[in-house]
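What follows is one chain in structure tokens, specifically the form predicted alone.
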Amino acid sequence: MKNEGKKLIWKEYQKEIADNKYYYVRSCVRQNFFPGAETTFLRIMREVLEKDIYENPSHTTCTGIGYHSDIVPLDTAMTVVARQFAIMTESGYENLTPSCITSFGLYTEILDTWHHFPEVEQKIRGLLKKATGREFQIPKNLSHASDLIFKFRKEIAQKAKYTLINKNTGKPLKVVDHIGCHYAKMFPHKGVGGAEYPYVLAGMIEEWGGEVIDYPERRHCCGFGFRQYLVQANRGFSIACSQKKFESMAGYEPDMIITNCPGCPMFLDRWQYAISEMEGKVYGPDGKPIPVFTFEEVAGLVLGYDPWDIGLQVHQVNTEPLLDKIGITYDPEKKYNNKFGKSMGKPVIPESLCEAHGIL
């Protein structure tokens, strides 16, 4: 009875994720922070999983950051999102898959608003029609890109070249998962596992051989929080949020961090550099910083994609120590080459991180 009861409760934390035919909308910030992540995702969906996933070059930002920063009015945000829905409809798709956690949260908020206040939806339909002449259908299914990789994690495992196992010890890598706040905290029932037991990243880690690390500040904000960083005077609070997480996880000696939000990996990666310069501290095992990855990058690595093809050279914290633990082959001389094979020049590595990586 106890097991049956647990299974019944766990059903409440599941979500419907469409099987195929996805309309994909990119993230305005992910393309700048980690530009290889989205192309890696599309490559996996199309080439490995053989799914029908389409993106229209006419789609725009969802305005999410502007909306949450009190710059873009709600009616404007809803009209811009309605245009996204219209382009999806015109393209012949019903299942919307955003790359960005903030977009996912904003789409969810707007759809929930229209559900409870249909007169608002009619108002926005009128504004969209007047501004663009377009009409739209409500998405049949709304799932974040990480939901799709989670849904097909077993298929990826079956085709994987590598696992999240330390080849030197034979033990699972210790992995910290970080869930973007707008994925499950705003509307818990819209994320796999909800806000209390988010499993979308943990499921990937376990399926691909890693060990999920639980620690006191596991669900604490990464430090982005829009107003925490966009307002320059608040940036001290931003870095303090990240440092609180690092201090909390350090004792568990994690090998890597995996995230599903565009902003979270950038801040968890860059703030490690900043703290190392300010205080000379690093938080990973063996006196090294902790490499930070997006879920797309991790999926690409286990499938055997070249680390430089998926964009790991743009990370502030070197990813090579993690690649070596897994046993992933790579050419260090090609790290900073462009797509034509020519060197773009090596960046100056911060002194503290040089020392941590044994480069000095």
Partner chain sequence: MKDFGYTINKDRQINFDRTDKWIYEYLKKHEPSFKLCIGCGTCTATCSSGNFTDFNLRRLFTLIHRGYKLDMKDEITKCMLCGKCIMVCPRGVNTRNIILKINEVIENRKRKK
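Residue numbers count along the first chain shown, from 1. Computed from a predicted structure; not experimentally measured.
In what follows, reference is made to the form predicted together with its partner chain, a form of this protein that is not presented.
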With a 4.5 Å heavy atom cut-off to its partner chain in the model of the complex, the contacting stretch among 174-182, 234-242, 142-150, 91-99 is 234-242
**Study point:** Distance check, W271 to its partner chain in the model of the complex, heavy atom within 4.5 Å
**Key:** yes
Any non-hydrogen atom of L127 within 4.5 angstroms of its partner chain in the model of the complex: no
In the model of the complex, does A86 come within 4.5 Å of its partner chain, counting heavy atoms only? no
| task | Check whether I275 has any heavy atom within 4.5 Å of a heavy atom of its partner chain in the model of the complex, and answer yes or no. | result | yes
Answer key: of D75, D112, E279, D286, within 4.5 Å of its partner chain in the model of the complex (heavy atoms) is E279
Residues in 63-102 that come within 4.5 Å of its partner chain in the model of the complex by at least one heavy atom, in order, are none
